[in-house]
Ligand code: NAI
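Next comes just one chain, in structure tokens: the form predicted alone.
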Amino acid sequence: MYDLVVLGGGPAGYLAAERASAEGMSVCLIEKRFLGGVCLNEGCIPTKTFLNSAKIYDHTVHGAAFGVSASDVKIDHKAVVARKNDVRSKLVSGIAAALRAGKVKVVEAEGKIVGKSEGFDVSANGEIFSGKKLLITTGSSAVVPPIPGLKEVIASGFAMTNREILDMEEVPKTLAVIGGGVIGLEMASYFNSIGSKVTVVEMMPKIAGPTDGEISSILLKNYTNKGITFELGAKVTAFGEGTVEFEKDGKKTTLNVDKVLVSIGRRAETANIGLETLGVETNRSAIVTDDFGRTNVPGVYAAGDVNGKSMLAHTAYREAEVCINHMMGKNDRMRYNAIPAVIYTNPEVASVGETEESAKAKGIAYKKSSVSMMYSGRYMAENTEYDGICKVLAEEKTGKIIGVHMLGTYASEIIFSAAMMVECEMRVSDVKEFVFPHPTVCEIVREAIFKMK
């Protein structure tokens, strides 16, 4: 009998196990594939190794603008994949070492909830592991819609999800990306940089999902200029071996491509894990949780992608901490209003809080300030394209900052400070008293703040 059984070893699962162990709980963690989950093995980290290599390659190829010339520049995609695997392996080993140090029992097998006796019982590897409490962190999987021919072309290797494309060692001459969200755009960015002719097919009239509309438009223009073709408002109707068919404005078009990436979203991974044995409530496959991570079954919690609320690794970390803190009787609850989001394209997109679109939908009266990144001296020193922006939204009456959105270099690193402003409900007048280091790109936030009327 353990104090806690954790089902799933992704960001929410392994961090929860570490935190619970540090609190003195006996913990068993069950993971069917790899510690680190999708983020470390098939998502966040692997894609960033790809994108960093592409950034280095782009800087080298286009270095003449900065007075740096190089000839016969090549990128070895197989070497990039090998480096990705090395980085992944080291990080997985680090997680395993941290769990061992915390005396967490790790079971490398598929787990399934089989009911409740003295504790919550999970079957794995022919054994039953029981916990006084149960935390479900089984994550999510790529959505594979019932489009004619799709299952067949995935089976043949012509079409891929994020899992398979990160192991593909060849560079396709032509690549269709189905879905213009984060995963689709990041992979489109990478393969465009290294020489593929990329076409992005997106059902919505804009790319980048809920990203601020103005920033989405700038990013679209940026990547169109780099050679990516975007088919927006287009619905994929069929797949064939070597072909993708879509309908747009009442007209059907067939793309002939070498490979296809299907990245139209993710679904909470709750099938066949035994939720029905406990009567855990779900909504569209996602486990329903409250602000403490509790499900409708006392003693059973869920965190990470499996609750379907905010499918980001950093959200999963925080949800895991809230769950463990609640188990320990600490005063803590989950808040979702200041969770930063990043698209690691080149240039980067980062945002936190309300967009103009979401503020209008909620009836929030706001004022805004939008400034060019050219107000930052460092940005000007390090770039040749100057279409980056920083936008700050604040409540009309109170001046409380409710959203920050930016496109440009280092946006992913700057957004944390903006998230603190939103989380702490700072006012424009509060931030005006901050001292920003100079010269830095983060000064753009200060510029936007001081231009707020």
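Numbering starts at 1 and follows the sequence shown. Bear in mind that the values here come from a model prediction, so they are computed numbers and not experimental data.
The discussion below concerns the form predicted in complex with the ligand, not included here.
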{"property": "Partner proximity in the model of the complex: G179 to the ligand, non-hydrogen atom cutoff 4.5 Å", "result": "yes"}
{"property": "Close approach of I183 to the ligand in the model of the complex, 4.5 Å, heavy atom", "result": "yes"}
{"property": "Contact label in the model of the complex: M204 to the ligand, heavy atom within 4.5 Å", "result": "yes"}
{"property": "In the model of the complex, R266 touching the ligand (heavy atom, 4.5 Å)", "result": "yes"}
{"property": "Every residue of M1, V107 and R333 near the ligand in the model of the complex, heavy atom within 4.5 Å", "result": "no"}
{"property": "Options 310-318, 217-225, 79-87, 290-298; stretch whose heavy atom lies within 4.5 Å of the ligand in the model of the complex", "result": "310-318"}
{"property": "Listed residue (A350, L134, A234, V322) with a non-hydrogen atom within 4.5 angstroms of the ligand in the model of the complex", "result": "A234"}
{"property": "Interface residue in the model of the complex among V280, V342, V171, I75, criterion: non-hydrogen atom within 4.5 angstroms of the ligand", "result": "V342"}
